[in-house]
Each structure stands twice: as structure tokens, then as C-alpha cells.
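Just one chain is shown here, as C-alpha cells, and it is the form predicted on its own.
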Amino acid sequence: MYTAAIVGAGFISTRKHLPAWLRLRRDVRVAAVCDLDLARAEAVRRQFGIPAAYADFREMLEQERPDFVDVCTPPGAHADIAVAALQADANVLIEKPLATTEEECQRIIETERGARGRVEVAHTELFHPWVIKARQRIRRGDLGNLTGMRIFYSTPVALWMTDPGHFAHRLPGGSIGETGPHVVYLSRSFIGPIRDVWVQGRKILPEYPWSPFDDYRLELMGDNAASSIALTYTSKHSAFLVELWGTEGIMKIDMQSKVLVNYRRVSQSPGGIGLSAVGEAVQMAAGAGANGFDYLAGRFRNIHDRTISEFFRNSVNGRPPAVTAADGLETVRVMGVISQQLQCQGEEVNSPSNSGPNNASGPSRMR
């Protein structure tokens, strides 16, 4: 029987990671939970029936010697915990992003090279079956040559924008530091290495002054395709939509309703548009029906179940991680460029000589 330990007792740990680990109870036992707030760790220990709770992760590593460590803390603590866990011979799963800076990522990578354990980054959106299916179809040539993609991601205001103490406001670039990594690594998975980055941030909701920006536009340029992204934290609604297009076709993914639609509209005649609309509706209904049946039959697995299960299986079977620390570094590198551009924009807006709206800086070439 393997043992696992969870560092961090907040939302992502208790709502996503811990339930996924407990569903692996035939193979792995969650031995401990750790949080700087020991009272919170104790509450989680009691809630989930975990044997031990700690406030010091180094003490936890020394006492428990876990085979797996799952890092669910704010990003600023990722590097220290991951390095210590690797030095204790554990395999390490790290919630995105891998760390907050390239230097911290390199520390993790260098430690992993001399360690027995491996590091995986929880780029969870890559584990959706519909994302995997879309990538397979693109590789098969269903869209011809991929030429672009678009992402719209709306995070409800109430999730953290109204909370001045939420760690997202202290991340580089503000709120984009929390959900931005998702759209960066998802874009990379389709368009490949990102060569140029452009971003513009805007402040829409003045009632939340602790957040420097709450609406973002990004352009991520690959070698042969680009990803255009809108991230907003100004609506009460949640949405995560992806469109992919190539020389021979278009696909649309609703990441939340879990539906992948092939979009075909080669004719702009009324009949052609009507047939296309009917075809899309049929695909959406079929996808929604299949997902509903999976829910009712108890076959649906959320992305954290898939991520953690694959991390565990890959580790015990000696297979490489699905998302390596090097992959995590590339996402952090892009996020670093984004935060630098946003910092420059903030300085321009706050300059006494500039009383106008935010001005976008030019694109940044990736190293």
C-alpha cells in the first residue's frame, strides 16, 4: 500500500484533490494533510478521516515519509515544498502553475534530476476527453492545417474578486495569475511553442480596487497558428469556450458542458446555413445526452480524478509524467512575460503624465 500526503487544506485540496486521492483507496492511503493553519488542517483531517495533520511540511515529510506529495498551496510556496518532497524521495504532483518564477521552476527541475521521484504539473484541462479527442482529430488532419484558435474564459466575480484577501490578487499580473496558466498551457497543446506574447489589461469594476485589472486580452503566437484569448472576471456567469480552426474545418468545445462540435459551413446560402445549424444542434444534443447518461450511470470522472489517477499510475509503473516540470516551466515563462507587460501598463496608467485609458504595449518575443 502506497501513502500520499496533501500540502494545503483550502478549496482546491478539499473539493478536488483529496476526493480524487480517496477514490484510489485500494492502492494508496492518504496519510496526512498539512497546512500553515493547523486548525484548518485538523478540521480537514477529521472531515476526511485522515490519520495525521501538520502545520510544518518538513516535519510531515520526516514523520510520514510519503510516496506521493500533492502540493495544493498558493503558488509562492510550490518550489520549497516540491524541492523538500523530492529530497525525501517522493513523487510530487503540483497544482498549476509549477511555481511563480522561472528561477523557482529551475530549482525544482534541477532537484528532480538527482532525485528518485518525478514531478508532474496538474495542467488539468488537458485531461478532458473532449480535449484529447480534439487533439487526435487535429493530428489526423480533420481540420487540415491548424491556423488558429480562440478562448473565452469567464470567472464569476463572486469567486474571488469580491475578496480582498484572496491570494489571486497577490499573484504577478493579478487575477490572470490564477486562471491564466490554464489558457496558456491549453493553447500550447494545440499551437505548439509560443514565440510572441501580447496582452492588454483593463479595469472595469472600480468597486474592487485591490485588483489592478479584471479584464484581459491576450495574443499568443506560435510558428503557424495563433491563440486569441479573452479572460474576464467582471460577470456573474461562468464560461470556458474554445474554438479551433484550420484550412479544412472548425471545431468548437464547451469545456464546461463537455461537448465537442464539428462546425461545417462551406455554403452561405440559406439552405447551407440551415443544414449547418441543424448539424451543430444535433451534435450538441447528442453530446449533452451522452454526458447526462454517464452522470446517471456513475461513469463520469472529473478532470482531477483523471489527472491524479494518471499521475499515480505513471509513477508506480515507471512511465514519464503526462505533464513534466519542463512543460510547467514553459507556461510559467509565458505568464512571466504577460505579468511584465501588465506591470508596464500599470505604471503607464498611474503616471501623472498619462490620464488616458490603458495602452497596450507591443508584443514580446519569447526567448
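No experiment lies behind these values; they were computed from the predicted model shown. In this text, residue numbers run from 1 along the sequence as written.
Not on display, but discussed next: the form predicted in complex with a small molecule.
- In plain terms, the part of the chain that comes close to the small molecule in the model of the complex, with a heavy atom within 4.5 Å, is 36-44 out of 59-67, 36-44, 336-344, 316-324.
- The closest non-hydrogen atom of Gly10 lies within 4.5 Å of the small molecule in the model of the complex.
- Although the partner is absent from this view, Ala277 stays clear of the small molecule in the model of the complex, with no non-hydrogen atom inside 4.5 angstroms.
- A residue is said to contact a partner when one of its heavy atoms sits within 4.5 Å of a partner heavy atom; Thr124 meets this definition for the small molecule in the model of the complex.
- Using a 4.5 angstroms threshold between heavy atoms, Glu112 stays clear of the small molecule in the model of the complex.
- For the candidate set Asp214, Glu104, Asp254, Glu178, a heavy atom within 4.5 Å of the small molecule in the model of the complex is found for exactly one residue, namely Glu178.
- For the options Leu244, Leu218, Leu93, Ile81, the residue carrying a heavy atom within 4.5 angstroms of the small molecule in the model of the complex is Ile81.
- Contact check at 4.5 Å (heavy atoms) against the small molecule in the model of the complex: none of Lys133, Ser189 and Arg306 pass.
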